[in-house]
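Only one chain is given next, in structure tokens, and it is the form predicted on its own.
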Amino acid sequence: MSAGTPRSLPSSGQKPIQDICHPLSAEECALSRSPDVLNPCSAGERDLILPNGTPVDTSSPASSSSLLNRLQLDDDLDGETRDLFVTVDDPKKHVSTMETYITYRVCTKTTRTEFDLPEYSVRRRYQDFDWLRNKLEESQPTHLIPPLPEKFVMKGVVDRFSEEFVETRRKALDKFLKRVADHPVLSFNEHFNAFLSAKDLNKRQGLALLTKMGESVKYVTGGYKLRARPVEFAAMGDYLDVFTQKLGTIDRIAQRIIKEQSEFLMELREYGPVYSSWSSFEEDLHDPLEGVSGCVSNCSSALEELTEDMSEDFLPVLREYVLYIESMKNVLKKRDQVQAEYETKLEAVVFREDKKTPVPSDVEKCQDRVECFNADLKADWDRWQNNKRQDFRQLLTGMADKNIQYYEKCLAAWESLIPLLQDKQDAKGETN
């Protein structure tokens, strides 16, 4: 996308319904925005729509720990079609008399005209990311907002200032911003612009203009009951329920495997030295016993790497998608609420006595909201499914690679013991 791309906020609907104007944006922004920003159905809309996801290399990666780096590499390969790149790095710990917290550096490179500079570097803490996500939910109620990693951890179980925890959170925050930056609508949000560029983020001020758009959906949370979801959206809900169950089962078993591997690792670390101490009493078996001790030590190191990769790369992706499912269910509920309001108002018009009176404008506006929700939700669903396929393909490929490497290391360790045993047997035969 070139630097001269129009600044309109495009609808993310599919082509057959792409020309539907976005009433939640157009109505509320009409007072203070120029026409070129207002109209999401302008001629330049299609130029703003980015590809759904990035290309995936199906070859096996070098290691599962390179998963997020591979995602960044894919971004670079697709750089010709993108004009906004965001990274989260350099976590720093801040200690004051009142609190202790971590900040992260957010670096942005862009050619978009909405930004005054081509590059920005700001520091943000978790609550700033949380503020951004809340603002995106308020101002873009028809869209799926990517999830953030959970804020709270169990005290005494996880040290939230440990290097491992901070790095895991950094990766998740980086993924969050990349998903927003790749979205054809969310990436043009004014709150997102402020988050990336403002040195001092004033979270109290906000943008009341966009907040009203969220309120136009929130006010229908009560008083209307949906008769039945359309088949395609009911299928989405059913899929999410099954997907939640499968992820929950995998997560529970994976955590149990990690626990068992950690216990086995402790046993191995005690097991190997026994052979080493035994070798000092067995002159004839000294070398083979030391060999066994070394084999067990090498297997322990390989198992430790496998367990760490599973904890740091596998589990976080599962948990991200569990949170993603909750976000998607919330958008489905909002869509249902708007449809229920439309059905109720339409029913009142159908059963009124004066059939000649034209349909009230509020009914037509409500129908526009339903169509807008349907278009945006379908587009975000397709984008989410595409990202999910890529993420899990890379995740499972990395997991397979790590397990192969683990067993290869164990096999090599034990094979190295065979020459020691053969040498001992040959020496014994010559003596006889």
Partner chain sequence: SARVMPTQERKLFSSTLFHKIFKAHTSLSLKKCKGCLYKISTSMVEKGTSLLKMMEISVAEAEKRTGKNAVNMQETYTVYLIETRPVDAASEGTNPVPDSLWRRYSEFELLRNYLLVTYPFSVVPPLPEKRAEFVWHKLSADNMDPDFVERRRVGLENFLLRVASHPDLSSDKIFYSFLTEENGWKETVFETGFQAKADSRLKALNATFRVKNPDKRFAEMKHYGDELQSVISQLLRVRARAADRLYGVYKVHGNYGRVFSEWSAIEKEMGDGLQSAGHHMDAYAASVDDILEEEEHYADQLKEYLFYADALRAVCRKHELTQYELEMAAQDLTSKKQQREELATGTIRTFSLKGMTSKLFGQETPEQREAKVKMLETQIEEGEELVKERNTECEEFVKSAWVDIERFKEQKDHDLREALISYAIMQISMCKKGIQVWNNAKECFSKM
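Being a predicted model, the structure only gives us computed values, none of them experimental. Residue numbers count along the first chain shown, from 1.
The discussion below concerns the form predicted together with the partner chain, not included here.
Not one of 189, 233 and 320 places a heavy atom within 4.5 Å of the partner chain in the model of the complex.
Residues within 4.5 angstroms of the partner chain in the model of the complex, judged by any non-hydrogen atom, belong to 258-266 and to none of the other stretches in 128-136, 174-182, 82-90, 258-266. Checked against the partner chain in the model of the complex, the candidates 348, 198, 107, 250 yield a single residue with a heavy atom inside 4.5 Å, and that residue is 250. None of the heavy atoms of residue 123 is located within 4.5 Å of the partner chain in the model of the complex. In the model of the complex, the partner chain sits within 4.5 Å of a heavy atom of residue 292. The closest non-hydrogen atom of residue 371 lies beyond 4.5 Å of the partner chain in the model of the complex. Remark: residue 397 counts among the residues lining the partner chain in the model of the complex, judged by a heavy atom distance of 4.5 Å or less. Of all the residues from 275-309, those having a non-hydrogen atom no more than 4.5 Å from the partner chain in the model of the complex are 275, 277, 278, 281, 282, 284, 285, 288, 289, 292.
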